[in-house]
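There is one chain below, alone, in structure tokens, taken in the form predicted on its own.
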């Protein structure tokens, strides 16, 4: 499959590299066609890796990952062009975190709204699925790196087919179906985005991102 990864940070690099390992073609999108971080990622990942602008990547991808900083996600997707987004699945792993006042960051959207909802409203032709946003990127693509492999990932979205496609990708990453909890429509992304304050404080207390939440009933 041709997949677009929007964003050149650690999350985008990790997801893009894992998708390459799984045999997909991946184009990493950034603001400029010659972004040096994207170019280095391409050099490391071989012939199935390429780079371009956000618009280039969105046009290329049959499926897209939003790995941009949440405060910039709407702007990034607008620059990608609605025509390049319509009808496609966007797996949104971003969170609306504001680092302008230092650590820990605050949420710019919460309680009665979410970034996932804002993206869906801004781009109604896009099939937004909020997923994998409650964990460190190493676990996103390899849940079995923890000794206790059974832990929880959440998904939220309005389109059942898009959520099924997201599950397929997550299964390929190593997620067991019973550990993927469908919370419902995109409004339920409010809950997963609001997990970030406790996630960040847990990360600070443990000194590592190699942990996750597990639901027990």
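Residue numbers count along the first chain shown, from 1. Quick caveat: nothing in here was measured; it's all calculated off a predicted structure.
What comes next is about the form predicted together with a further copy of the same chain, which does not appear here.
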Legend entry - Check all three, 60, 78 and 83, heavy atom within 4.5 Å of a further copy of the same chain in the predicted complex: no
Legend entry - Among 145 to 153, 158 to 166, 23 to 31, 62 to 70, the region lying within 4.5 Å of a further copy of the same chain in the predicted complex by heavy atom distance: 145 to 153
Inset, instruction - Please check if residue 40 has a heavy atom lying within 4.5 Å of any heavy atom of a further copy of the same chain in the predicted complex. - result: no
Legend entry - Contact flag, residue 197 vs a further copy of the same chain in the predicted complex, heavy atom cut 4.5 Å: yes
Inset, instruction - Give a yes/no on whether residue 1 approaches a further copy of the same chain to within 4.5 Å in the predicted complex, heavy atoms considered. - result: no
Inset, instruction - Answer yes if any heavy atom of residue 74 is within 4.5 Å of a heavy atom of a further copy of the same chain in the predicted complex; otherwise answer no. - result: no
Inset, instruction - Note that a further copy of the same chain is not shown here; using its position in the predicted complex, name the residues of 183 to 197 with a heavy atom within 4.5 Å of it, in sequence order. - result: 183, 187, 188, 190, 191, 192, 194, 195, 197
